[in-house]
Structure formats: structure tokens, C-alpha cells
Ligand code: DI6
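Given as C-alpha cells, the chain that follows is alone and in the form predicted alone.
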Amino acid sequence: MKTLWHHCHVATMAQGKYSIIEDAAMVTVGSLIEWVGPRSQAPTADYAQVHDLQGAWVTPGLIDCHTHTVFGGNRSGEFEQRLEGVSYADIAAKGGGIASTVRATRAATEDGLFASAEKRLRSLLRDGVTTVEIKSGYGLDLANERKMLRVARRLGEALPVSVRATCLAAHALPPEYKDRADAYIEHICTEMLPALAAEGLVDAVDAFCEYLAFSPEQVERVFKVAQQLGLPVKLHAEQLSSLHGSSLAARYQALSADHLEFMTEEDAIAMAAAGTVAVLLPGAFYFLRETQLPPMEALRKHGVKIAIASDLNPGTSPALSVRLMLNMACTLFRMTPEEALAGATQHAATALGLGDTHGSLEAGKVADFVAWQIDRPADLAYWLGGELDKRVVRHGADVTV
């Protein structure tokens, strides 16, 4: 069905820039964009539908390229404890921290995990998100990692959103493998990843490379198996210290390296050469009161693509708004609104391996877009919280959440 969308302004986000078309129109056929340009040049056709967008600003649908949306339990109590002066070490010693989320996730049924994750995901969708990545990593054994990834797949089937599922089994050391990290990595490589990949539950493989998680050598073992299975890799790297995990990710042509507060210029050079996207997570930076900023000038200098994501998770970034992340990227990391919006559209798509089909409004790409009732694109990073008036279109059809 050929449809005309007109009387709007379009920020196409092509090449990671606003690339604005004033007084614009778009033509979609089914789920794809056929044409976009000035309204005066719109193709003449027998359109099945014509939509007047009433002067809205149209952007690509927002893409949240790093989330941990599926998890059991709630850690707001720990948040309160920390604000009352209890240290994270003390909380962890009493069974808190990620261990508490692992216990709650393992105890939850698949339906229970789906119900709680659906509520969180709907919040993101109401904010204009049309594509999201969801990681596992709170199951830490085959049965529970499978359970999490099955929920991720179900969410993509039940809600109007494209879901990419990432296996993050190498997130933390499960209690049954205490002091046996190498043995756990071996279990991931020989049993978990092959089984989950064979079941079609995995679109990419991630790991946490950090002194309190896994070493570069252990992560590389996971990457080699992912490569053998034909799965792209991603990496949590340089959040708390410099282990050059981002350079390791680049050596394996990783889709992205994420966090990156402690990365070096040499890491940036390696990522640029590999085309690995830098995914910055301002919500975690804010929530943890970090002070070490990502090396923005090195990323810009070497042309590393920068994406922005919510890092939605129960412990360090309980964030339910990508637009709020755009503001934080501007205020905390000194990004421009244009850079931030590119980070949640074109560059976020590239970080998920979807750069050829999503993230900008160009002929041949998927017709995922939002018509915002705003004065200019910078408004998306300007307004704090709340819901902006908008019309969300996914695969060429209106959606409601």
C-alpha cells in the first residue's frame, strides 16, 4: 500500500546529521520508505492513504541500543541504603547487588519476567522508541539465560517494537562458580552459547570486561566462540578502569564497545579503524555519580561513531526514557543535541548491526519514524521528562502503546 505523509519537516539523520528537509513529504510502500524530499517534489501517484502531519517535525524512531530490560526483583531499597551511607561493599556482602537480581531472576517464571519487562518496555515505547536491544545476563546458567532470551523474543512479538536479543552470560560470576571464573567461561563457550545460538535466541554476544568481572583473556575466549557461531560481538568496557577492552572489541570487529569512561586515545583509534561504535550510557554515569568523563574529544577527533542508550537495568541505570538520556548526554558529556539525536538513531542502529535498514529516513530503509509536535529537533534533548505530543509510525503503520 502506497502512502503519502506530508505537511511536515524532516530531520532525516542521514550520515549522522540533522539533514533537514523543510516543508517535506515522505512516501512509504508497506513497511519501507520509497521516497523522502521537499513536498513540492513529491511523486504524483494514486495513494491509498494520505496523512497530513500538521507541521510536525519527523525523525527516525528512537533506537535504544543497550538495555537490560528483562530482570526479576527491584533494587530501589539498595538505592535508598546507599543514600543513607551504606557502602556498596556492605550491601554486596549481605547478598545485595547483582547477586540479588540473579536470585530474583532465577526465581521468576518466564511469564513473570515477561509481565514486568513489558511494563518497562512500554515506557520506552511511549517515549518514541521503535527498536531496542535487550540483554540477558541475570540468569548466569543455561536454563535462566534461555528464559531471559525467550522473554526478549516474546516482547518483540507482543509489542510494536523491533527487538535485538544479546547474550550477556559473561556478565558476572554466578555463586556456584565462586573463585572459578575460568571454569564458568568454559561453560559459556562449550555449552551455553552453542545451545542458545542453535535455538535462534541470540542476535549478538556481549561480555563485561572489568576487574570485578572478566579479564580481556577470558572475554577473548567468548569472542572466539561467538565468531565460530557467526554471531557479532559487543562489549561492556572501560567503565571503571582501563583494561583496553575496547581495543580488544575492535580487534574482533565488534558492533560496539559500551560505557568507555576510562578508554584511551589508542582505544579510540582502534575503534575508528574497526568501525566499532562507542555507546555512551549517561544514565549509569549519573546514577553512580561518576566523575571520569568519556574521552569525547578523542572520539570526535578519530571519527568514532557515538551512540546513546538508556542502559535500563535495576542496579545502576533504572532509566525509562531515551529522551532523558539525550539531555544527559548534552549536559553531562557536552554533546550537541544533533550528536545526541544521531546517537539514538543512526549510530544506535549501527551499534546493533542495523545501519543499512534503520536509523535514518532514506529511501529503501524501514519506515519507522516519529512525528513530534515540537518547534525544532533540539527540543527532544531540551525537555526534561514528561511526554511530548507525537505520532509514532512503525513499519509504515501507526502504533499506540
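Only a predicted model underlies this, so the values are computations on that prediction, with no experimental measurement involved. Note that residue numbering begins at 1 and tracks the sequence as displayed.
The following text describes the form predicted in complex with the named molecule, which does not appear among the structures shown.
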- Which single stretch, out of 139 to 147, 314 to 322, 296 to 304, 268 to 276, brings residue heavy atoms within 4.5 Å of the named molecule in the model of the complex? 314 to 322
- Assert contact residue (the named molecule, in the model of the complex, non-hydrogen atom within 4.5 Å, options His187, His171, Arg120, Arg164) equals His171
- Query: Looking at Tyr252, Phe262, Phe208, Phe114, which is the one with a non-hydrogen atom within 4.5 Å of the named molecule in the model of the complex?
  - Reply: Phe208
- Query: Can any non-hydrogen atom of Lys234 be found within 4.5 angstroms of the named molecule in the model of the complex?
  - Reply: no
- Query: So in the model of the complex, does Ile98 come within 4.5 Å of the named molecule, heavy atom to heavy atom?
  - Reply: yes
- Look up in the model of the complex whether Thr130 has a non-hydrogen atom within 4.5 angstroms of the named molecule, and give yes or no. no
- Please run the contact check for Gln239 against the named molecule in the model of the complex: heavy atoms, 4.5 angstroms, yes or no? yes
